[in-house]
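In the form predicted alone, a lone chain appears below as structure tokens.
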């Protein structure tokens, strides 16, 4: 993991399939992290739009000037893994604009289970899946599920409505990840968000 100095904000990634709840997770994390005194900014990635960035700018949760957008123009993983130059430049620009920045959050465009982040771009990354996608997602052992530093299983409130054995899904996720952390959330309701913020704090902000 890259050392974090006052002149170098920690950089984390949040990826996952379309509709898994990445933006909703960020919307819930922003006030929690800000309440803990974390100076942060966000960079979103979309295919050919700036929709997620505009959603965050309109949310009232963060100064709109602290949100930047990258348009991938191709498969979303291209600009977070193969050639993250655009994202690195956007992050550098935000650090220049806000010298006290402690945390940069990079949100990937919605992708498949093979989506991963280059460690040239981020120090640590989260992969978000949701129960509506089926409890077999962990068994498919996609690189995103296996390699991320933290796996978030979102929309747990939907489990009884979509025939998902939530306990079994979480247990399987833990098994395929070799015991690496898995957190269950309902981002829309704010459930589990403090645990995700705690994990970020311990991993890259050196919080106790």
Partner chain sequence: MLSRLLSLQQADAAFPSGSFAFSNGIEGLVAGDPAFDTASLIRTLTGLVRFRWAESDRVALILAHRAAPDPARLGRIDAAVEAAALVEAMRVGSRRNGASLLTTHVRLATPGADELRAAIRSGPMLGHLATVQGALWRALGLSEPEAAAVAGYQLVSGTVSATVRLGQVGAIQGQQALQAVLPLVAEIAERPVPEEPDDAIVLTGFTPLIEIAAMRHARADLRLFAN
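Everything numeric in this text was worked out from a predicted model, so none of it was measured. Positions refer to the first chain, counted from 1.
The form predicted in complex with the partner chain is left out here; the points below concern that form.
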Q: Report the stretch among 153 to 161, 66 to 74, 136 to 144, 172 to 180 that approaches the partner chain in the model of the complex to within 4.5 Å, counting heavy atoms only.
A: 66 to 74
Q: Would you confirm whether the three residues 59, 61 and 186 all fall within 4.5 Å of the partner chain in the model of the complex, going by non-hydrogen atoms?
A: no
Q: Considering only heavy atoms, tell me if residue 47 and the partner chain come within 4.5 Å of each other in the model of the complex.
A: yes
Q. Might residue 101 be said to contact the partner chain in the model of the complex, defining contact as any heavy atom within 4.5 Å?
A. no
Q. Does at least one non-hydrogen atom of residue 88 fall within 4.5 angstroms of the partner chain in the model of the complex?
A. yes
Q: May I ask you to state whether residue 78 is within 4.5 Å of the partner chain in the model of the complex, using heavy atom distances?
A: yes
Q | Interface residues of 91 to 114 toward the partner chain, as seen in the model of the complex [heavy atoms, 4.5 Å] | A | 92, 96
